[in-house]
Each structure stands twice: as structure tokens, then as C-alpha cells.
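What follows are C-alpha cells for two forms of the same protein chain, given separately as structure 1 and structure 2.
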Structure 1
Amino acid sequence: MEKMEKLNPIVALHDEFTDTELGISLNLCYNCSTCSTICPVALETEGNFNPRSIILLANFGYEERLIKDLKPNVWDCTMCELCQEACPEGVNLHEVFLRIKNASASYHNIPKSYTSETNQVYLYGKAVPSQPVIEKRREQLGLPKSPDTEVEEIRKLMGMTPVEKILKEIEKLEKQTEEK
């Protein structure tokens, strides 16, 4: 963890894609296009987004392009996991995409709704916090009050991972944009 934080995210991602179990799985890709054929987003965008090109770029060391330029845009993945199931070589597309997304997040290249959701968890312990109008509805339905959680503990745990820094940086950037 600490090692990861010190490294440049591009280099760190490159390391994760080489000489690791994930890197070995990535290397098994022989470009057969099964993933792109089964991907619904590839179908809808006529191949502008397609998992094969992401795997290819990851394999050839184009980490910077993937996480800084988002070309192709990894956030267009709908996370249906069909490619993961269909790949005849057992390439771990699920994890490759996840690593690219996390690295993009550290460059603040992440859709707003993702970080807002994570921030809700940081502030309230839940992505959808309890709210009075729904508590009233729960009561009408004869449901118990929505159980509380230990927010302080959750925040403390999040402070031990890279996410706190990412959320704070994004908050700062947003404030700067507002001021402009």
C-alpha cells in the first residue's frame, strides 16, 4: 500500500501489468475479439468502446493513454462481466479494467457520480444515507428504523486507504473551479 502511494500511478499500473499474475493473464490475449463481440457497449458504439482495444493497449504499455487520456474511455464499461466469462484465454478483464479505473481515479479522471457516491460513504457510512422522508415511509410500511452504522469507524478505515486523499483532492479541485 505505502509502496503504491509513493509510485507514480502510471508506473505502478505498468508494474501491475507486468510480471504479476494479472500481467501473465493479460499476456495470454491473442486478439481473438471474443470480448468485443460479446460486449453490449461495443455493439452500441460501433466499436468506439471495445474491451479488446483496452487489453491490447494495456499489453503494449500504453497505460498513460488509458488513464490520462481515457482513449478509449474505460468508464464506458457497463460492468456486465460478459467479456470476463467469455474470454477463451481466461484473461482477467474484470481486474485489468478495475486497475485502470483506480489509476484514473488518482488522476481525478473519474465520473463525478462515482466520487460523490464514495464521498457519501465517507460522510455517512452508506452510499444512500437515511433520510427523514424515507424513514417515515418505512414506518408507514411497518418496517423497523433503517439500522445505523458506525460512521466514525468507517471514516477511520477509509483514512487508511488511498481514497481519503483522492476525495480531498477532488473536493479542492471542485472548489477552485467554482471560484473561477
Structure 2
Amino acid sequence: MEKMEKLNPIVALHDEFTDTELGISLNLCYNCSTCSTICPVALETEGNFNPRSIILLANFGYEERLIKDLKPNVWDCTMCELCQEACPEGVNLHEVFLRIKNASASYHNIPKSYTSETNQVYLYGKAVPSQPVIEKRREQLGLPKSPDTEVEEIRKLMGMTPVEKILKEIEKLEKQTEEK
């Protein structure tokens, strides 16, 4: 059996942005800035995060900068899809951002806040595990007790993705860095 060669994520992303329906969608962008003016993250960061700049870089072949350097950092996108809903040309921004995130994950280039939160979900079924102080506050507010989480079910679902492997590889890289 022939060994499959691992596809370079930069090349794969470039191909997705040129020779596919997604690439056609991406090429429809005429830089009107509607996405940037409606983006809540762009508004909150006073333009430091700018969906338009990500689309421009993707359109002009700067995949390496987007997925290795994270400049601009696509992980700042909350995936609310407001930009896509407002886009006058119907550019599939959500899918573009998702593909960039997936490609950067293949390089283990994920902000620590995301990997630690993902690890919490894997371990406890929630990003913020239930704690006595949280339950006490919920009771004071008249809220019901937090529902129990089916951790094994969540782990099974996460197991259908490369998340376990990526988390383990990132943990290994962090330990190597600490040892140096």
C-alpha cells in the first residue's frame, strides 16, 4: 500500500481559495468594508481586528501569513456571521475564516486561551466547570441548578475530530519549550 503524503496546509488553503466555489465567492469581494463596519470584534478592538484585511490577504495569496503568523489573527473572529449576512456580494466569509483556523490548527498555531478552553470542555463537558460558588450564585439569582453534562458523549463527539491529537501535540510542544 502506497504511503499518502501529507498535504501542506498552506498549499491546500491556497487551492481552496482559487479553484473552488469558495474561491469564486472570495473573488467577489470588492473591498467595500461592510464586513468591517458591522463586525462586533472590529468595533470592540477599534479596528485592530478587521475581516476585510483577512479577505484581502486570502485573495492575494498570503495564506502563510494568515495561518503561520496569524497577522491578522483570525482567531479573534467569534464566527457570529454578521459580516457574511451584511456582505452585498454574499462572500462566504464564515467559511474562509473557518478554513484559515483549521489550517493554522494543523500547525498547532492556536492561541493558548482556545486550547485551554477546549481542554476544559474535553475534561468537564463545559468551558467553565460547575463550582460551588457558581451554584450558590445561581440559587441567589433564582436560576435552576446547572444541568449535568454528559462528558463521555462530548468526548465521543470531540473524538470524531482531530482535537485530541492537536491538544496532545500542543501539550508536548509546551513541555519541550519549558524544558529548554
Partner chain sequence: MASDSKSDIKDYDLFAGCTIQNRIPFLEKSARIVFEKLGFTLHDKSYGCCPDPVGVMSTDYQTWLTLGARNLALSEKSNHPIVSLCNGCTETLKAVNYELKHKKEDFDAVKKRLESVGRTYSGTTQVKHFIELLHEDIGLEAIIALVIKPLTGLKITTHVGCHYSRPSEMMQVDDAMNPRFPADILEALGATHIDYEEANLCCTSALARNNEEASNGLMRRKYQSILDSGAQIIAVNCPSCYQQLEVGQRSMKKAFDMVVKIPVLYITELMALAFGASMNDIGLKFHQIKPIKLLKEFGFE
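Numbering for residues begins at 1 and runs along the sequence of structure 1. All values reported here derive from a predicted model rather than from experimental measurement. Here the rigid core means the biggest group of C-alpha atoms that line up within 1.5 Å when the two forms are laid on top of each other.
Only one is the form predicted alone; which?
-> If we ask which form is the one predicted alone, the answer is structure 2.
Residue shift check between structure 1 and structure 2, rigid core fit, E169 Cα at least 2 Å | Yes; E169 is a residue whose C-alpha shifts (by 2 Å or more) between structure 1 and structure 2 when the cores are overlaid.
Can we say the CA of I134 moves by at least 2 Å between structure 1 and structure 2 when the core is superposed?
-> Passes the 2 Å threshold, so yes.
Rigid core fit then I24 CA moved by 2 Å or more between structure 1 and structure 2 = No, the C-alpha moves less than 2 Å.
After superposition on the rigid core, what is the displacement of the C-alpha atom of T115 between structure 1 and structure 2, in Å?
-> Its C-alpha shift, to one decimal, is 4.6 Å.
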